[in-house]
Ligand SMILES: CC(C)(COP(=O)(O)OP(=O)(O)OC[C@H]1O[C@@H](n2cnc3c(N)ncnc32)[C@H](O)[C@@H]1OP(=O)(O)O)[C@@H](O)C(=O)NCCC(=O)NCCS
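Single chain ahead, written as structure tokens, the form predicted alone.
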């Protein structure tokens, strides 16, 4: 079994991103141009590859000084449970270490994962959105 290579300086190809998002059932795969533009324009993008194959990614949106928001973190279902998501998140958190606020939205099984990464519910806040999708 190969070890995933984590990078904060990778280049993405449309087909590999759509395959990863589709494999995870994320509706963003249905908007490939917008998805690729969003990922490429992120403040940071972390990727995980095994043998050159994209098996995971996470991105960050930030003001570059105080606040960072992590909108996407996903690992191909075939590769989940190998610590890849943890490595991706650790790489992003290292870059934003010391920031006043690190934020994300989690649901389902992701809640436990993010708790292990040091995240907790934000006081008495309620998640709110205007959303055009049906899932992630």
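Because the structure is predicted, anything quoted here is derived from the model rather than measured. Numbering follows the first chain given and starts at 1.
This next part talks about the form predicted in complex with this ligand, which is not shown.
Exactly one listed residue, out of 50, 106, 39, 68, brings a non-hydrogen atom to within 4.5 Å of this ligand in the predicted bound form: 106. Although the partner is absent here, residue 27 lies well away from this ligand in the predicted bound form, with no heavy atom inside 4.5 Å. Using a 4.5 Å cutoff between non-hydrogen atoms, residue 112 counts as a contact of this ligand in the predicted bound form. The closest non-hydrogen atom of residue 83 lies within 4.5 Å of this ligand in the predicted bound form. Looking at residue 117, you'd find a heavy atom of it within 4.5 angstroms of this ligand in the predicted bound form. The chain is drawn here without this ligand; in the predicted bound form, the stretch among 59 to 67, 74 to 82, 28 to 36, 94 to 102 whose residues come within 4.5 Å of it by any heavy atom is 74 to 82.
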